[in-house]
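One chain is shown next in structure tokens, namely the form predicted on its own.
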């Protein structure tokens, strides 16, 4: 069964919530799903997991995997991993990511791996999220918005995937506002027409996007889950 890398057109698009909801939805079909956030930066949490994103993923999926496997690299500064490693004088050791991913992949039937920021977020000066996806050998799912400007960001993301020869399973359009303007309403159709990449789902705007139960319900209703597990 395939595993997927969840990337996005930018930061704050909803990767973590989408990844958590996808994992929960797929687990309901009886498939053992593991989750991973190879690299995380941000404010160090006072309790629980170091990263708030990892906390969301772990709480949603209730996996028993240790934090060092689910999130092998954490840098306590809300900047790119490259900047964090410079500012904090930390070494970025990508080998540990591959070691922990191999462990998780052997434990679970399917893996959902969430990236950090967009596809060209720098992990080091010359190693980007796209390089990580390529080295992990995963097919990717791209999460995008439906707001003005999404066409440019989405096309650039898809072009980068193609330049890196990263297979794209499809695109998830998040926070779709059916009452929005022409740019919002036409975004999913236009993105598909231009890229030729399948739209796996269009997830409507949810005011309380941290409401996991509501997000799972939306994913189950609006995302082509069968295509991910077939």
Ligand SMILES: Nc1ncnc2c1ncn2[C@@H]1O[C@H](COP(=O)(O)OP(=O)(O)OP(=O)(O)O)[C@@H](O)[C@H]1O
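All values reported here derive from a predicted model rather than from experimental measurement. Positions refer to the first chain, counted from 1.
The same protein also exists as the form predicted together with the named molecule; that form is not shown, yet it is the one meant from here on.
This chain lacks the partner; the member of 48, 180, 198, 204 within 4.5 angstroms of the named molecule in the predicted complex by a non-hydrogen atom is 204.
With the named molecule omitted here, the record of contacts in the predicted complex names 111 to 119 of 147 to 155, 88 to 96, 111 to 119, 68 to 76, defined by a heavy atom within 4.5 Å. When the named molecule is considered in the predicted complex, residue 11 lines it closely, a heavy atom lying within 4.5 Å. Interface residue remark: residue 23 is not counted as part of the site for the named molecule in the predicted complex, having no heavy atom within 4.5 Å.
Using a 4.5 angstroms threshold between heavy atoms, residue 53 counts as touching the named molecule in the predicted complex.
In the predicted complex, the named molecule lies within 4.5 Å of some heavy atom of residue 175. Scanning 24 to 51 for heavy atoms within 4.5 Å of the named molecule in the predicted complex gives just one residue, 37.
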